[in-house]
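Consider the single chain below, provided in structure tokens and representing the form predicted alone.
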Amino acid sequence: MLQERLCAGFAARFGDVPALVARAPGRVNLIGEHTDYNDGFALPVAIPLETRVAFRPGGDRMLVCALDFGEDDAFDPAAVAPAPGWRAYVRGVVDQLGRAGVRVPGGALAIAGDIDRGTGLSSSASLEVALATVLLAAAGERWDPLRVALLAQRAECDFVGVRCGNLDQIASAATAAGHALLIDCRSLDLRQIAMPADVAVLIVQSGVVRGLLDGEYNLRRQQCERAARELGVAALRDADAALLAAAQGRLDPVDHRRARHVIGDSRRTLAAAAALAAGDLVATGRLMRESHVSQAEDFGITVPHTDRLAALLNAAIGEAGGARQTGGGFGGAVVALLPRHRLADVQAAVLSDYRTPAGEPPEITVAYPAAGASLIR
């Protein structure tokens, strides 16, 4: 178990037991992709895969052990310097806590998780939220989940350098068990949508590992911001299809397609949330299929393997559900919603007909909507 591995690793590395342990889940986004930094809407669920962080205060230095990598780090929490890779996420959270006036103590910190990196399930947001949760507890502070999420987002944007929106961190921090979370990414209004008991969330890994620091994610954000300026709105949240159509002649063609996806996916997200709340899996699935096509044709973030996997899933599910690529794009996972009684047949179809780029059967997870971050010790 993850908890046992974390505590055993902490003891082996630091010769002691942790005083505090926090957990934060990954997430899968049902619909609403790249809408968050455009002030739009998104509909994620938290998943049972998670990151756990163990901490024991003591001393002036922060001593960090990333058990999944077998690597260490050490730094002064009062004067955080940049660092590459996973270290940047840890240091970024400590840096942002300090900027928020939190006195982060030195101590021993161990990290372990079961979210594979580069799979579109927000391992980075899970790490950031778990870290913020445990370090706030160590500093004697209690923050509401939304405030924790926004600090974690700032760490990724301002310290790591990925200009992400707030979807991933809010989903990891604030989702209720058994629910999807409708996020208004501008007002930060959160609405818990109870998942129908007969609906399953299926996550299938394409086997294409992606990264967000290769420039494509930030480029999409630049294109969206440029389109918003040309349309004369504060963000693409404020545009609609009519305004976009009227600007087709003066907008860069690529920027026009990017804007069309964002405007359409925000609309589809609101419709999907209403359909899911009503138990209408047919309508929800249709909107998910439309979203995948938009990601491929207008936003340019799918890859042949995720296109093939989404098509296979949609064919196997039929009209009673749907599938789409989830996450930042360029690989990772495909998410599907379907009736529970269809799970075995759909999984069998995927295992029969899909292989990853390495020629292997895909990893499949049936994800029951989990609770957001919490302190467990």
Ligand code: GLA
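The first residue of the sequence shown is number 1, and the count goes up from there. The structure displayed is predicted, hence computed values, not measured ones.
One more form of this protein should be noted, the form predicted in complex with alpha-D-galactopyranose, which is absent from this view; the next part is about it.
In terms of contact with alpha-D-galactopyranose in the model of the complex, the residue from G32, G322, G26, G332 that brings a heavy atom within 4.5 Å is G32. None of Q223, Q96, N166, S123 but one reaches within 4.5 angstroms of alpha-D-galactopyranose in the model of the complex through a heavy atom, and that residue is N166.
Mapping the unseen interface onto this chain, Y37 counts among the residues with a heavy atom inside 4.5 Å of alpha-D-galactopyranose in the model of the complex.
For F159, no non-hydrogen atom is located within 4.5 Å of alpha-D-galactopyranose in the model of the complex, even though that partner is not displayed. Although the partner is absent here, Y217 sits close enough that one of its heavy atoms falls within 4.5 Å of alpha-D-galactopyranose in the model of the complex. Of the candidate stretches 85 to 93, 280 to 288, 166 to 174, 232 to 240, only 166 to 174 has residues with heavy atoms within 4.5 Å of alpha-D-galactopyranose in the model of the complex. Contacts between 311 to 340 and alpha-D-galactopyranose, taken as any heavy atom within 4.5 Å in the model of the complex, involve G327, G328.
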